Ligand code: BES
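Starting off, we have a lone chain in the form predicted on its own, written out as structure tokens.
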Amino acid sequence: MQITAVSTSELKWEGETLALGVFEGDTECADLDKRLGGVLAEVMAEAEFEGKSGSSVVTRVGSSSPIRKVILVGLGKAEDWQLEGMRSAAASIARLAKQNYVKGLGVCLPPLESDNATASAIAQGIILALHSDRRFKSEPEEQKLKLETVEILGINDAGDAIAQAEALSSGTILARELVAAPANSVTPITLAETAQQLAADYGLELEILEKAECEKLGMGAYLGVAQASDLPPKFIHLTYKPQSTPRRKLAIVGKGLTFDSGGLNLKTGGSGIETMKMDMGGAGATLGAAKAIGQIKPDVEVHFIVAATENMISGHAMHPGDILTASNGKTIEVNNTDAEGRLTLADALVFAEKLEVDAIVDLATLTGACMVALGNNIAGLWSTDDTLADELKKAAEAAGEKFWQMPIEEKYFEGMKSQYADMKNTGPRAGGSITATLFLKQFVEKTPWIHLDIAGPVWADDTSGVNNSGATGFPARTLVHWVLS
């Protein structure tokens, strides 16, 4: 599919299908309606189309018209028009175009703050809405006509913005496909292979630490989780470096549990064990961000880190009550083997800080408690640095992904203290996402740091907005916008 921006208005554009956004109460479209022989007024009346958000109508135009079909999508009230609404409207247009076997499409939506922002939002909405993951179907290719060309109307020279949108979308799609793939397809080994492919495709540096190298670094927390699996752990360190001196250095650390059985604290039926292929959602978004950054090539050095492993059951499994020693020397009493993600992140955070970066962001499908607090659509954000938190929140707004900043309540760490070790890996049930954050905080000494709990938004069960049902790729786009900020 080729996406371009053209200065031609909807009043002069000629092509197969014209898609038009209409605000609530502004449904006359008189000039365009006159050009199309009155068909717009007729179809709006028949369908009682009023421009309300989420409404749409598709109609054919007479054979004498320079346009064969028209797609109308309601945008809601003009005063509520924002970037995410534009992405969602573009996604709706893309789905309607697909349903109606459109090959050539012209899109006209009301502009926002700049042509570049408008073109980028429309391109992302269309690309991500049309992504269909059929890798595991017996007939992987959909036997339908596909959208071939999209022209974004009324915009001058937005090629760079569209190219960036395509890079952001490709990274998001990689994250989706990693998260959606089953645990017999995405393993620590194949995650490392994905990192190798990204390094080869985009000129990134790659270091993969095997088990013996992790042992030399004292990564007892990470290896404690990995020790029950028949598959070897893979500690992935992928680095993007600009050709010029970087204006800053950043680290992104993604939780990479390719399957989480719960360990000896086994997840039972009804616990969601069948969904635990998603427990590498942080790693998926991290590698997705690496793919986008490798294409955009900003003036920032970025380290992408994933401590990949499974959490399984065998005669070698860590036991509840075991004491592990992390790579910073701190000891951890494992009072729940199903709180394993924070153990892998502990050693990954220590590794990241040794790189002497300016800031660290970790992201993980870490706690059900965060979903209880914020639901399925909003991720939790904790930070030791308010300026850094503001950067991330602005990046999330630009990406159309939702976060809510949560408190780091130091007093809650009292519930994490152990009689025999420096700490336990879980605390009381109340405030579980906060105590998980306080645990991770023990492994970042000085570097400004953000923890993102993304347990809810990595998966969607409906087709509203830009995301299709299933893996969303959240929050790969936010990470990229943060790096670019």
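Quick note: we count residues from 1 along the sequence shown, nothing fancier. Values in this document were obtained by computation on a predicted structure and should not be read as measured data.
Quick note: we don't show the form predicted in complex with this ligand, though the next part is all about it.
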query	finding
Proximity of K267 to this ligand in the model of the complex, heavy atoms at 4.5 Å	yes
Contact test in the model of the complex: E340 vs this ligand, heavy atoms, 4.5 Å	yes
Any non-hydrogen atom of D362 within 4.5 angstroms of this ligand in the model of the complex	no
This ligand contact in the model of the complex: A161, any heavy atom under 4.5 Å	no
Check all three, D347, S383 and Q442, heavy atom within 4.5 Å of this ligand in the model of the complex	no
Segment that reaches this ligand in the model of the complex - one of 228-236, 283-291, 331-339, 149-157, heavy atoms within 4.5 Å	331-339
Listed residue (M318, L174, C108, M276) with a non-hydrogen atom within 4.5 angstroms of this ligand in the model of the complex	M276
Listed residue that, although this ligand is not shown, lies within 4.5 Å of it in the model of the complex (heavy atoms), from I434, A455, L40, L452	A455
Contact set, 356-372 vs this ligand in the model of the complex - heavy atom within 4.5 angstroms	T365, L366, T367, G368, A369, M371
